[in-house]
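Only one chain is given next, in structure tokens, and it is the form predicted on its own.
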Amino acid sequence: MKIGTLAARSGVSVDTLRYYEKIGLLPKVDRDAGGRRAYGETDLSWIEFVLKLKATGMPMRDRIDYARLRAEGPHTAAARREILERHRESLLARRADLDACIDLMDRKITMYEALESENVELACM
């Protein structure tokens, strides 16, 4: 598929795809006889994975390291797993922080509901 098709299917702009290729986040892609990039489904799957990593807040340098290791081959599986494990730990810590914030919001909401209920009761007297 051409770069425009890949951009449309992935939701990533053509410029971003070119940038990802330039910085090594996207591997160098084969070119057709006319010199145009020719992407495959594997490239689309990779971009979707990279976008998930980005959505979780993985730093760009870690995404690039992961991509570099991926390009080096299967013997880098342990190093790639370690990157993902570290990032997963940071996600779990963030989730714990968010859960604590949600608990606080729930307590505040309950408090305000009680106050509102008391005000309604007092207004009726």
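The numbering used is simple: start at 1 and walk along the sequence shown. The shown structure was predicted, so the numbers you read here are calculated from the model rather than taken from an experiment. If you superpose the two forms and keep the largest set of C-alpha atoms that fall within 1.5 Å, you have the rigid core.
FYI, the form predicted in complex with another copy of the chain isn't displayed, but the following is about it.
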Discussion item. At 4.5 Å between heavy atoms, is Leu84 in contact with another copy of the chain in the predicted bound form?
Written reply: yes
Worksheet item: Heavy atoms within 4.5 Å of another copy of the chain in the predicted bound form: does Ile23 have any?
Response: no
Item to complete: Would you check, heavy atoms only and a 4.5 Å threshold, whether Tyr39 touches another copy of the chain in the predicted bound form?
Response: no
Practice prompt. Check whether Asp32 has any heavy atom within 4.5 Å of a heavy atom of another copy of the chain in the predicted bound form, and answer yes or no.
Written response: no
Discussion item. Under the 4.5 Å heavy atom criterion, name the residues of 83-114 that approach another copy of the chain in the predicted bound form, in sequence order.
Written reply: Leu84, Glu85, His87, Arg88, Leu91, Leu92, Arg94, Arg95, Leu98, Asp99, Cys101, Ile102, Leu104, Met105, Asp106, Lys108, Ile109, Tyr112, Glu113
Worksheet item: Fitting the rigid core first, would the Cα of Ser13 be found 2 Å or more away between this form and the one not shown?
Response: no
Worksheet item: Aligning on the rigid core, do we see the C-alpha of Ile23 shift 2 angstroms or more between this form and the one not shown?
Response: no
